[in-house]
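In what follows, one protein chain appears twice in different forms, each by itself as structure tokens: structure 1 and structure 2.
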Structure 1
Amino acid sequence: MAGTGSGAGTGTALETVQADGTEGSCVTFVLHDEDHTLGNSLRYMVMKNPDVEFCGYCITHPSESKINFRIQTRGALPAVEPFRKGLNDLMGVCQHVLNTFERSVKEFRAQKEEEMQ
């Protein structure tokens, strides 16, 4: 197995481990300082891609805060592409939730202020 990236000791949040002979279609991404919150939601977003054959993650040990996140794609698509797209899509969903929440809080405060008058 070939590995790239540094590791948690140097402050790097992401490492990649590629299986030999897969030409990038099967990669394990090691995400440091993360848990099921990111793992499960990112897995959901990545699995929506029809070019992804397998996507899964595991937490190596309850006392460690790192995730092994594996993606295997069909054909010649590099696994880093659906990983990047999944992260971007997830950021978009989170931004939508944040905007909706902030708008609702603003409307609630305006309504309460109106009732006080």
Structure 2
Amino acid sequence: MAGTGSGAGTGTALETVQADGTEGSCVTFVLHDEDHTLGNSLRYMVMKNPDVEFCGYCITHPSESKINFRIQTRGALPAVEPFRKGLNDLMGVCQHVLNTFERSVKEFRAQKEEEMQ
């Protein structure tokens, strides 16, 4: 038997499916309207977490745009924690990449200006 948790309201993007008796340490998240773009990058960030025993994602059917994202943790850590940490880490990576990229473009243009003069 699987217990499903989902948000109130219509069209939520995130559902969880977990089997009874596992105490939340292994959970499958169903992410709607997502594909390899978020799936693979989030999988990488969650796998970098030493508390995670297993992390994988699959696209259930190519006609449906949703992914099953499964996390199993060591010990009794609830699986939502590595999921949340993975999302936060990915945001941190993107923020840093954005700052570094914009800074590099600015420096490159400033350098080109100097060479022109």
Partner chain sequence: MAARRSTDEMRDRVVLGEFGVRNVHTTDFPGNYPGYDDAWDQRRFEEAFRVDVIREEEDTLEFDMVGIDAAIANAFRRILLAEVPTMAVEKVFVYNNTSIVQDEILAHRLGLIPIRADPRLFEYRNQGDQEGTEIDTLQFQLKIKCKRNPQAAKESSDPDELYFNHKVYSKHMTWVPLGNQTDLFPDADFRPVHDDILIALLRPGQEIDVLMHCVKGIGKDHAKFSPVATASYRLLPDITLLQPIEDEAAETLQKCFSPGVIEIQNVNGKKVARVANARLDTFSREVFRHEGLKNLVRLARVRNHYIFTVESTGILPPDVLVSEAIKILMGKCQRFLNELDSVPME
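In this text, all values refer to a predicted model and were calculated from it rather than measured experimentally. We call the rigid core the largest set of C-alpha positions that still match within 1.5 Å between the two forms. Numbering for residues begins at 1 and runs along the sequence of structure 1.
J.: Of these two forms of the chain, identify the one that is the form predicted on its own.
T.: Answer to the question: structure 1 is the form predicted on its own, whereas structure 2 comes from elsewhere.
J.: Cα of R103: shift between structures 1 and 2 in Å, core-fitted?
T.: Superposing on the rigid core gives a C-alpha shift of 2.9 Å for R103.
J.: Cα shift of K112 between structures 1 and 2 after core superposition, in Å?
T.: Spelling it out: core superposed, C-alpha of K112 shifted, distance 6.2 Å.
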